[in-house]
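Single chain ahead, by itself, as C-alpha cells, in the form predicted alone.
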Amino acid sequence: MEFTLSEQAEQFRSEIKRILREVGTAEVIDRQHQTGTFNSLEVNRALAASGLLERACPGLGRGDPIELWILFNELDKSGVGYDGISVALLAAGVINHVGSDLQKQTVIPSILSGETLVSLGYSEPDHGSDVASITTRAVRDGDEWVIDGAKMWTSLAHEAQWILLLTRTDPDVPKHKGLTMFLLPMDTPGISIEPVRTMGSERTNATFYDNVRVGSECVLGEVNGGWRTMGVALAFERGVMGGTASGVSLVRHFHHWARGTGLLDEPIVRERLARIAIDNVVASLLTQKAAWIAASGGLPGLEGSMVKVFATEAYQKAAAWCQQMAGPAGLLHFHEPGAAAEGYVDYDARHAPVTTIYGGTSEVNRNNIAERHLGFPKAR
C-alpha cells in the first residue's frame, strides 16, 4: 500500500478545501445543527459544479475511490453536514455496479449534479441491526410489485428524491436469500414519513409503505439478490464514505478552546489530546487501506468493519475525555454562554455514541471481523 497522494489527488483536496472555505460557512453549519438535517445543498451544488462529485463517484470517477475518501475526509473534518451527499454518492456507486441502464441514466446524473439525494431503507422497528430478518414485503402482482411495511432510521427521507428499499420477496428460503432491493421515487403513492429526533441532534425518520405499487424497473440488482446488493453499499459506507475523521474536528475545537482558557497547561490535558491525535492518525490509515483495496478492484467489506469499529469507538472515547476535561462547560449547548468550544464538546459527546450504531453496530462489525478475519465459528 502506498499512502502518498498523487499530485492530482492533492489538487483535488485543495479544490475541496477552497469550496468549503467559500461555501461551507458558519451559517450553513449552524443551520444543520438547528434543523437536524445534516445536508448542505449549497455545498453539494458547488462540489458538483467543479466536477468533484463525478470524480469521486464509486466506479465512475477517474480518481475513484481514493478521491472518494479525500472528499469525505475533508467534509468530515470541516464540520459541514454531508450525510445527504455521502449516501447519494454511495447509491450512485451501487446503481452503477448493479443497476439497469435505465436506472443509471435516470438517477446517476441527477446525483452528480448535486440536486438529488437518496435515503437508505434497510432497518426496521422490530429488527434493528438484524437486517436479514426484515418483514417489509414485496409481492408480485402481474407486472407490478406491491410493497407493505415500515422502515426505521431512514435519514434524509424528508429531503430525498429516491430510496434504496430492502424487502422480503420470498419468505420460504433462508432469510438472507429471500431479499430484494428496490430503487423507489419518494413521491410514489403510499409512502409516508414521520420525523424521529436523535440524541445527536440529527433528524432521522420512520417511513411507512402502504400498498405501494411499482414496476419491475424499480428492482435494483436481482430478485432475491438484495443481500448482495446491500453488501456492495455497506462495503463503501463502512470503509470509505466518511464518518472516520470526526475526532479531527473535535480535537481542533477543543484544543483552540483549551488554549484560550489556560486548560492546555495541564499535563493530563496535553497527554489526552496527544492520544486522541494518535487515534485519529490510525483511523485515517485504516480508512486509506480500505480505499486502497477498493482502488485495486476489491470491496473493502472486512476492512470497512475494522475501520468502522476503531474510528467510531475512538471518537466516542475522545468525546468523553474532552467532556470530562471541560467540566460543567462541556455540558452547555451551542449558543449558550460559556459553552466549551462554542458547544462542540457537548455536541460531540451526544453525537459520538450514534456513530457506533449507524452503518452496522460495533457488535455486528465485530462478528464480521471474528468470522471472516479470525476464523471464529458463527456460534460462539
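Keep in mind it's a predicted model, so treat the numbers as computed, not measured. Position 1 is the first residue in the sequence shown; the rest follow in order.
Separately, the form predicted together with a small molecule exists; it is not shown, and the next lines address it.
Q: Please tell me which of S110, S100, T198, N224 lies within 4.5 Å of the small molecule in the predicted bound form, judged by heavy atoms.
A: The option sitting close enough to the partner is T198.
Q: If you check L117, L120, V251, V232 against the small molecule in the predicted bound form, which one has a heavy atom within 4.5 Å?
A: Of the listed residues, the single hit is L120.
Q: Of the listed stretches (126-134, 89-97, 185-193, 251-259), which one has a non-hydrogen atom within 4.5 Å of the small molecule in the predicted bound form?
A: That would be stretch 126-134.
Q: Does the small molecule come within 4.5 Å of a heavy atom in each of T154, V354 and E363 in the predicted bound form?
A: Each of the three qualifies.
Q: Spell out, yes or no, whether the shortest heavy atom distance between N367 and the small molecule in the predicted bound form is within 4.5 Å.
A: So N367 counts as contacting the small molecule.
Q: Whether E74 contacts the small molecule in the predicted bound form should be assessed with a 4.5 Å heavy atom distance threshold; does it?
A: Because no heavy atom of E74 falls inside 4.5 Å of the small molecule in the predicted bound form, the answer is no.
Q: In the predicted bound form, does G24 come within 4.5 Å of the small molecule, counting heavy atoms only?
A: No, no contact at 4.5 Å.
Q: With a 4.5 Å heavy atom cut-off, would you call Y358 a contact of the small molecule in the predicted bound form?
A: Yes, Y358 sits close enough to the small molecule in the predicted bound form that at least one of its heavy atoms falls within 4.5 Å.
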